[in-house]
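So this first bit is one chain, no partners, the form predicted on its own, shown in structure tokens.
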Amino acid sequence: MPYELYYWPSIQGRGEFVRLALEEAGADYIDVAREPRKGVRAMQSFMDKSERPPFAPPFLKDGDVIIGQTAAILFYLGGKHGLAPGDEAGRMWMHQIQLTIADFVLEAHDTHHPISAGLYYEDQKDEAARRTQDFRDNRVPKYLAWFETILTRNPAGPAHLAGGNITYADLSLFQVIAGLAYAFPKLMKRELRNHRNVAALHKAVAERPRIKAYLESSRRIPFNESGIFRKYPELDA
């Protein structure tokens, strides 16, 4: 049976990290909320009736197994589809990297919604400007330097975050870089010059046959100003 992925139908958001893993694995899956006869109602109905309801999308259904939280879904898929190291220490290291990526994603989101996700960006523009300045000056360089260090120290070479093969963390870092390049093109042009292994990983993932086909397809939802990564030119510098 195909996997069932439940996430919002009009944004990449956190669901995109799962989509990338499924696409790279060549897995058969249904993006439930984007199905014409199902949509968001099917996702909400599942959450309302489930004995173990996920807190929020994304969540994945694999037969009787239901997994919520992006990092947990990827941990599950990584083991099933060879997108994670085979040893326990390696799997936990991969999970640690993914959780750090999740922290990075949250900080990116909070540049445009530093006070509350329930308020419009226009209601917190002054606070967003202050938050984003610190994000640009301090947080992005710190995160990228950490990823650059991991790539440099990988015994198998700097092409991947761990080992010599593609992993779900590589795919997730690709997505973060793509999102930040959309939201902060000036910032990322500078930063990627200083973090060449991160830049090379981003480029290499985009050229992987299944990922390239996905990025060029209608299945890839364009970045927009409703998702995590939003382009507000006044926040870029």
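For clarity, every value in this text was computed on a predicted model and none was experimentally measured. Sequential numbering from 1, following the sequence displayed.
Here the subject shifts to the form predicted together with another copy of the chain, a form of this protein not shown in this document.
Of the candidate stretches 166 to 174, 203 to 211, 188 to 196, 44 to 52, only 44 to 52 has residues whose heavy atoms lie within 4.5 Å of another copy of the chain in the model of the complex. Against another copy of the chain in the model of the complex, the set Arg37, Gly63 and Gly82 makes no contact: no member has a heavy atom within 4.5 Å. For the chain shown alone, Pro155 is a contact residue for another copy of the chain in the model of the complex, at least one non-hydrogen atom being within 4.5 angstroms. Another copy of the chain is not shown here, and in the model of the complex it never comes within 4.5 Å of any heavy atom of Gly78. The shortest heavy atom separation between Gly179 and another copy of the chain in the model of the complex exceeds 4.5 Å. In the model of the complex, another copy of the chain stays beyond 4.5 Å of every heavy atom belonging to Ala33.
Contacts of stretch 115 to 130 with another copy of the chain in the model of the complex, defined by any heavy atom lying within 4.5 Å, are made by Ile115, Ser116, Leu119, Asp123, Gln124, Glu127, Arg130, listed in sequence order.
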